[in-house]
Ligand code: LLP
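Next up: just one chain, as structure tokens, the form predicted on its own.
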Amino acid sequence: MNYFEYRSGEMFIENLKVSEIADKVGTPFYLYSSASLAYQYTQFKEAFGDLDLLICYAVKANTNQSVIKTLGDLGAGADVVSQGELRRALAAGIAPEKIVYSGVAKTVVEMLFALETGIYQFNVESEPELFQLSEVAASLNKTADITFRVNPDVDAKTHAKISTGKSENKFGIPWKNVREICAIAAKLPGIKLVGLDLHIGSQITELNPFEQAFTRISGLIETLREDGHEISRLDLGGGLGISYEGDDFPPLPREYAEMVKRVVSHLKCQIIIEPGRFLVGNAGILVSKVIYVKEGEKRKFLIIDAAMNDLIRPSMYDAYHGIDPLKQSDHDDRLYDVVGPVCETGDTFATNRLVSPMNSGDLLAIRSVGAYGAVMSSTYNTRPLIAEVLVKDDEFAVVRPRPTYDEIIGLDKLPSWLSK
């Protein structure tokens, strides 16, 4: 369902005109829809019916406290990959018993904090991590519930930089070595093996890679049970894609859930799902203003006040994002390169893109930026992090203020020999 729509030629978010928010907040800024977050979570939850399911929102997709709390209030847990994300989830009210900890490089300090917090499980990714966690847990006289993240060597058919389930990727334990490492874990103090985990990548737009991976891990669980291990949880990770271009249609949650039930429900495990992009991606837009319209020798440029430091995905992944005016035009679309002010040729949001004709001062929306937008932003070129705004029906709130230049520069501290 689209919560960003045109009414009488003006773009609305829920029941507010986007241009009126822009007048009050100033551009550029991120803008999120509470209704969209709720809709995405609810359809995912309902698709699984009465299956024993824990949905853990992948916090890395969007770490804003208001986004995490909106999903948490609906019943979501959290999938975290750092102590910072764990602290964010706790601060937003997520119960420790609904938090899973992923990531390939958990430090001793992070393990200590997570164990003292009492999180639900650690998704262990290597033998050295297993030994380290055993030592830390035993030193606290605690037991860590763990799943092993399995690398099933399955190609997710997604961008190379967000594919995580092939043998050459850094993530997880090779599936052929799982029996061996589970046998080791069973003998270690402070460790309780409760299940298996996998995550084969992000922005996956077909079911077949999921089914291949889930089938492989299902067989592993049956083998591990024959070996005497009590396997009660199966963490299937995230990765379900969203539509960016409008004509690409990833599987629906209902279709994904039907496949999951068909492939793994016979195991009678609790199923853990870690959606991120699916929940938040299409819930956000980036609102920006045209600064100049520049006529090049071969191209026409829309130079806007948002930049690659605000949204890095087009530069990093060659990612496509829809670009639309906040006010519709009766004129035919024109070809533009949509670019930002940063001193990099890579500061480009679209090349040779058909966009509604625009002039200096006009406002536009870059769509589908709720995931991996604000979280990957920086202050490159000493540009302040842009504001984040959340809407609920006919109300809005700034949920991350734009810092001042003094606040940014004040983070630097001069050493004594330069302070004289």
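If you're wondering where the values come from, they're calculated on a predicted model, not measured in any experiment. When you see a residue number, it is the position in the sequence shown, counting from 1.
This protein has a second form, the form predicted in complex with the named molecule, left out of what is shown; the following refers to that one.
- Residue 58 belongs to the set of residues with a heavy atom inside 4.5 Å of the named molecule in the model of the complex.
- Although the partner is absent from this view, residue 317 contacts the named molecule in the model of the complex, with a non-hydrogen atom inside 4.5 angstroms.
- By the criterion of a heavy atom within 4.5 Å, residue 310 is excluded from the residues contacting the named molecule in the model of the complex.
- For residue 277, a non-hydrogen atom is located within 4.5 Å of the named molecule in the model of the complex, even though that partner is not displayed.
- Between the named molecule and the residues 106, 199, 98, 233, the one pair within 4.5 Å by heavy atoms in the model of the complex involves 199.
- Residue 376 is the only one of 385, 54, 51, 376 with a heavy atom lying within 4.5 Å of the named molecule in the model of the complex.
- Partner contacts here mean any heavy atom within 4.5 Å of the named molecule in the model of the complex, and among 233-241, 323-331, 290-298, 108-116 they occur only in 233-241.
- With contact defined as any non-hydrogen atom lying within 4.5 angstroms of the named molecule in the model of the complex, 102 is the only contacting residue in 87-109.
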